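Okay, so here's just one chain, in C-alpha cells, the form predicted alone.
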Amino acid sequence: MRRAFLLLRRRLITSIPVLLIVVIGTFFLLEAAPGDAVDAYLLSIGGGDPALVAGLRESYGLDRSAWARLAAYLMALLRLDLGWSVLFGRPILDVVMERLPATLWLMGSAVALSFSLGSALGVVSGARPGSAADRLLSVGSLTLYAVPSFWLGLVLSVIFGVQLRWLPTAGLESIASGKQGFERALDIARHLVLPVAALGFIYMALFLRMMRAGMAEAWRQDFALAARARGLARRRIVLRHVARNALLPLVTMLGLQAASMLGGSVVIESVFAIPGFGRLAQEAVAGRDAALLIGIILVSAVLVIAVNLVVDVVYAVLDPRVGASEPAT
C-alpha cells in the first residue's frame, strides 16, 4: 500500500501542470474562434444598438484584454470558482454539478459493463486459441467494434424502444412521475439500459480482443509452460496464471480509454436526450458561453485524471514491480 500511496502522490503533483495546460490551451482556442456570448445574445433578439453592445461586453467582462481575463480566471480557479454562466445566469459550478451525475451514471455503468463482460468473454476466447468459440468471438468483437456508437444507439432505440416498446428511448427518468426511492432508481435504470448498452458494447469488443490477445501471448510464456508441465488443471492455469497476467494490459487500457469513453458518452447523451455533459456542451457552444465551455472541459479533464489515478493504484496493487522505484520521501 505504501508503493501505491507514493505513486498516487506523484501522479497528483504531475496532474497540476496538466490541468493548467488544459485551461490555458482551451482559453486561447476559444479566443481564436469567431463570436462570443454577446454576439449569440444579439442574434437571439435580432440585434441591438452600439450602447447595448458596449454595456453587455462590460457586464460580461469581455471589454478587457484576453490576458487580463485569463489572469482573472486563473485566480478564480484557485478559489474553486469556475465563474459565471452568461447562458444560464448561474454559477458554472452549480450548473456542472447539476449535469455531472447523469454523465457519471452513464460512463460508470458503461465502464463496468464493457470491462467485466469484455474480460470474461476474452477469457473464454483466450482459453483455447484457435477454437470455434475463439473464432466466433473474435469475428463478433471485430464487427461490433467497427460499428459507430451513435448508429448502434439508434438501432437499439428502434428495436427495443419503438418496435418492441420494452424500454424508454429518451431522458434519464420519467418526467413528473413522482417516483421516489427504489421505484425512482428502477426507473432511472430502465432509461439507462439502451444508452449504456450502446456505449458499453463498443468498448466491450475492445477489451475482449485485448484480453484474448494477452492470453494468447501468455500461453507461450515460461510460467504457463511450467504450469502445464506440472500437470495443473487447465482451468486453474487459465484463471490463476494466464488470465491474471493478461489482465494487466486491460487495466492500463481502461485508463487510456477514459477520455474516449467520456467523449463517446457525449455523443450517446445527444442520441438519447440525456441531460448530461453532452447536451450542456452543445448548449454552451450554441450560446457562445466560453466560460461554461472551459468549465466543462476542465471538469472532464479532472475526471480523466481521476480515472487514471485509480487505474495506477490498482495496477500497483496487482503488479508489485509498479512503483517499486518510487522515492520514500
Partner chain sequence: MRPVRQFLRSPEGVAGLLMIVLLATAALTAPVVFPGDPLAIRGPALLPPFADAAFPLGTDRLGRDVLAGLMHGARASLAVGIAAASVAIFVGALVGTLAGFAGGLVDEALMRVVDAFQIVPGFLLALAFVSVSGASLPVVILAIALGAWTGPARLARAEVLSIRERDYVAAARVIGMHPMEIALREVLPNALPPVLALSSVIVAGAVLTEAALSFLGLGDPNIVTWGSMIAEGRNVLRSAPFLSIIPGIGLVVAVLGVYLLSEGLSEAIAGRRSRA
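Numbering follows the first chain given and starts at 1. Remember, it's a predicted structure, so these values are computed and weren't measured experimentally.
This next part talks about the form predicted together with the partner chain, which is not shown.
A residue is said to contact a partner when one of its heavy atoms sits within 4.5 Å of a partner heavy atom; L30 meets this definition for the partner chain in the predicted complex. Taking the partner from the other structure, the partner chain in the predicted complex has no heavy atom within 4.5 Å of any heavy atom of R79.
Shown alone here, A291 lies farther than 4.5 Å from the partner chain in the predicted complex, counting heavy atoms only. Among residues of the shown chain, V311 is not one whose heavy atoms approach the partner chain to within 4.5 Å in the predicted complex. Stretch-level contact analysis of 152 to 160, 115 to 123, 190 to 198, 237 to 245 against the partner chain in the predicted complex, using heavy atoms and a 4.5 Å limit, identifies 152 to 160. Taken together, the three residues V22, L262 and V267 all lie with some non-hydrogen atom within 4.5 angstroms of the partner chain in the predicted complex. Think of it this way: in the predicted complex, the partner chain has a heavy atom of just one of L225, A233, A146, I175 within 4.5 Å, and the residue is A146. Note on contacts: among A133, L142, A72, L100, the single residue with a heavy atom within 4.5 Å of the partner chain in the predicted complex is L142.
Heavy atoms closer than or equal to 4.5 Å to the partner chain in the predicted complex belong, across 290 to 310, to the residues L293, I296, I297, S300, A301, V304, I305, ordered by sequence position.
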